[in-house]
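Starting off, we have a lone chain in the form predicted alone, written out as structure tokens.
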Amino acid sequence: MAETPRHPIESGVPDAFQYMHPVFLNNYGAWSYHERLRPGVLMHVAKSGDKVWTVRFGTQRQLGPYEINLLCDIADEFGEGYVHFTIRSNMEIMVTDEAKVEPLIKAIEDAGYPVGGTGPSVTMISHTQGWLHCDIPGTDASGVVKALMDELYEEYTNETMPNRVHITTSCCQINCGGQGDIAINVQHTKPPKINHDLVANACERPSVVARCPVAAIRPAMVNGKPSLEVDEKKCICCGACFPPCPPMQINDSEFTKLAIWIGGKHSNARSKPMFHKLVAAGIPNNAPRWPEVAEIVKNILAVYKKDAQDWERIGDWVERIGWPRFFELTELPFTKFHIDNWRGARNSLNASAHIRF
């Protein structure tokens, strides 16, 4: 009797078991330990005695047909036909024969992909869609990642940091600003410029008004046409109005900047989860290599690498030495804009699971 086809799931992640290596399936939930044999290579040992070697390498995340076919051919020829993607866009190929590990590493590196990203290293930078796929970005997050990882290549392929470093990038302020040891986020500094001639034909005005988180937008008549206006005293320059109404242009080559935040952490390993905090603002959004951002990030990493104790994440390190000492060591300027004086902060922070005041 034919099996009933599984109904598609409209939400949640796909069923991972159908793609899993057979040794992982046979030993699911019954692993004894794992070891890092070298940067980018893990050995998993099951209670049954089965062993699996995993080779991890970085990708550019937005893979085209050429890259996908190339990597799949490597997995078929030098691996065992099974691959896994991590949440930070690393690709992993698993083998059950240790003799296959070195030829697999050589094939990956010959194809131009770095092996690493395990242990106390700078892992692959997680990022949002950027200009290629998104309709609202203020910068190209994937481009920032490419430029930064070119600069941090050695920190990915070696395990010389005090602890792992998670770096995130975001191409707008409203959807995708992720917590990270170091986070690079867009910073719009001026309210949107409105093209009043296009609003009536391109925008559903009630939706735009409702989208604003601080009620700074209201309907208006301009030159005899239905349009919108912005109360600039209320506007927080978030860009939420731009997706439902492109004539409310907020991206600007001069006034769209980047900001760097540090110390964010999701996990509760060795310390509680932490919010990241602003350390540098007004950095030029200078595509395609973003040299100013790279200089600041490399400076922070160099100071952290030199001054932190083993197993301290960046947030733990700053908590130990204090923020004044951090700004002293990194020589980053401290300004009034680093102080959160937003009047609604008390209510929003009290909604958090781990902050009360």
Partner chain sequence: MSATDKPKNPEKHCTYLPSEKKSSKPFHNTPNLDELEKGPWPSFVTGLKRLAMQDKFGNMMVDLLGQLEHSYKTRLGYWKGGTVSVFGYGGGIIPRFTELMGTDGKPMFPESKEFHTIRVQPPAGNHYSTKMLRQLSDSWDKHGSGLIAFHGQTGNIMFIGTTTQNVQTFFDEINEYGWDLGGAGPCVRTGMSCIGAARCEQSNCDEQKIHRLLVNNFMDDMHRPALPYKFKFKVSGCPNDCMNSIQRSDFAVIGTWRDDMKVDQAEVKKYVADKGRKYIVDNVVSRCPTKALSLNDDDTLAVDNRNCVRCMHCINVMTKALSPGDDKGVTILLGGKRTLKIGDTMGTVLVPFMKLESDDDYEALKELAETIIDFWAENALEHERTGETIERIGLVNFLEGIGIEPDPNMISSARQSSYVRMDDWDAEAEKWKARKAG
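Rigid core: the largest C-alpha set superposing within 1.5 Å between the two forms. Residue numbers count along the first chain shown, from 1. Since this is a predicted model, take the numbers as computed values, not measurements.
Omitted here: the form predicted together with its partner chain. The next part is about that form.
Interface membership of residue 211, defined by any non-hydrogen atom within 4.5 Å of its partner chain in the model of the complex, is confirmed.
Looking at residue 253, you'd find a heavy atom of it within 4.5 angstroms of its partner chain in the model of the complex.
The closest heavy atom approach of residue 330 to its partner chain in the model of the complex falls outside 4.5 Å.
Although the partner is absent here, residue 87 lies within 4.5 Å of its partner chain in the model of the complex, judged by heavy atoms. Each of 34, 42 and 56 is positioned with at least one heavy atom within 4.5 Å of its partner chain in the model of the complex. Residues of 305 to 324 placing a heavy atom within 4.5 Å of its partner chain in the model of the complex, in sequence order: 309, 310, 311, 312. In the core-superposed comparison between this form and the one not shown, the C-alpha atom of residue 211 has shifted by at least 2 angstroms.
Relative to the superposed rigid core, the position of the CA of residue 241 differs between this form and the one not shown by 2 Å or more.
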